[in-house]
Ligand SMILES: Nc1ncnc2c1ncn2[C@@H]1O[C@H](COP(=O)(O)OP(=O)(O)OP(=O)(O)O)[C@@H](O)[C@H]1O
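Read the single chain below, which is given as structure tokens and is the form predicted alone.
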């Protein structure tokens, strides 16, 4: 053992052991066990520390997500360490075994440079997978009628000691809170049950990791990693629609986890039955558990969200401005939050009070876009005029083609031009089922691809409605 620059230099095994202990504190036991415990020390030579992972897939993951942090931690232990190289050593006997990670902080030398270490683990880190947003917790989720079922189901999954329904499938339009609820589940489990391994990622990243595993011929490691978790959460599963190989692997991963009574949580922009380009067997499996729809926000919910965000940000926003925003910005919560952020930033930068007039001036582009949004009533009226039928025919049970085809066009345009869900659109057309709307949309799409004149007719209606 020697000393250098006030930092104790010990054997490389001891240094590596302390680095591992610090990493375990930062990333959590689940991530450490899955990604870092299999990594072993090889040697330290010429300022470069070499560590080895058992597979190419794991080597790539550690190099991308942890190598830089390992270098910084090791440099704090030993200033001679300037770089870290992650290599692949399939036979672990060829590598020098790492010392067992010490208990958090207790075995660390009192004389090491603490300024090089963070005081606590990063709040935005997940066990593994995508980064969790620290704003997206259950405490910060505003509950209202449109999302109360989804919220209650998410809390049940997070708090339950056993799987009650599998999978939990959350669906709804953009910016309505699906991702917030999924992050909320992950945060809650991580805090209350740190021993459970949680993997949250987008369907796009799932596909990317699968493709990498295929490329490096390491699909077994991929399967082991994804099928060894306690909770798997995949966001925006509609992304893998039409991607047969990824769907096949996801199907088997899903089945393996469900068979082991592991929790699966999925989100999408449509219900399982409406996911186009998805295999029938996968759509069926996704609908096995609880399917919870997050409906578009109501005025009361939007107002509640604004009040909660303003309170969290500790900014004073006049009640009239809040009410104005809740009335005008109805598309999704993201636009609502974006408007509030713009208002507060402007007030802080120019040091002027927030007024209704300044809000209208500042958000003129956003408000103009909101004003242009089309309603289903407007679509029905314009389509009825165009085809010379009565508006009442939009709600009637008449099946004559002269009435049924315009009705289908109106349903199609309602799906394309409004944020309303299929069940909501069906209710506006005489209480029809969402499958009727889905059929109408598919039929119009088919006719547009087959009949150029019909396609031009539909496009003309679309342009007239968007003016």
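Positions refer to the first chain, counted from 1. As the structure is a prediction and not an experimental result, all values here were calculated from the model.
The next section is about a form of this same protein that is not shown, the form predicted in complex with this ligand.
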{"property": "In the model of the complex, the one of 356, 211, 174, 152 near this ligand [non-hydrogen atom within 4.5 angstroms]", "result": "174"}
{"property": "Listed residue that, although this ligand is not shown, lies within 4.5 Å of it in the model of the complex (heavy atoms), from 384, 201, 142, 362", "result": "142"}
{"property": "Listed range touching this ligand, judged in the model of the complex by heavy atoms within 4.5 Å, from 152-160, 271-279, 166-174, 202-210", "result": "166-174"}
{"property": "This ligand in the model of the complex reached by all of 179, 236 and 334, non-hydrogen atom within 4.5 Å", "result": "yes"}
{"property": "Any non-hydrogen atom of residue 309 within 4.5 angstroms of this ligand in the model of the complex", "result": "yes"}
{"property": "Heavy atom of residue 136 within 4.5 Å of this ligand in the model of the complex", "result": "yes"}
{"property": "Partner contact for residue 339 in the model of the complex: this ligand, 4.5 angstroms, heavy atom", "result": "no"}
{"property": "4.5 Å heavy atom contact, residue 379 and this ligand in the model of the complex", "result": "no"}
{"property": "Contacts with this ligand in the model of the complex, stretch 287-307 (heavy atom within 4.5 Å)", "result": "305"}
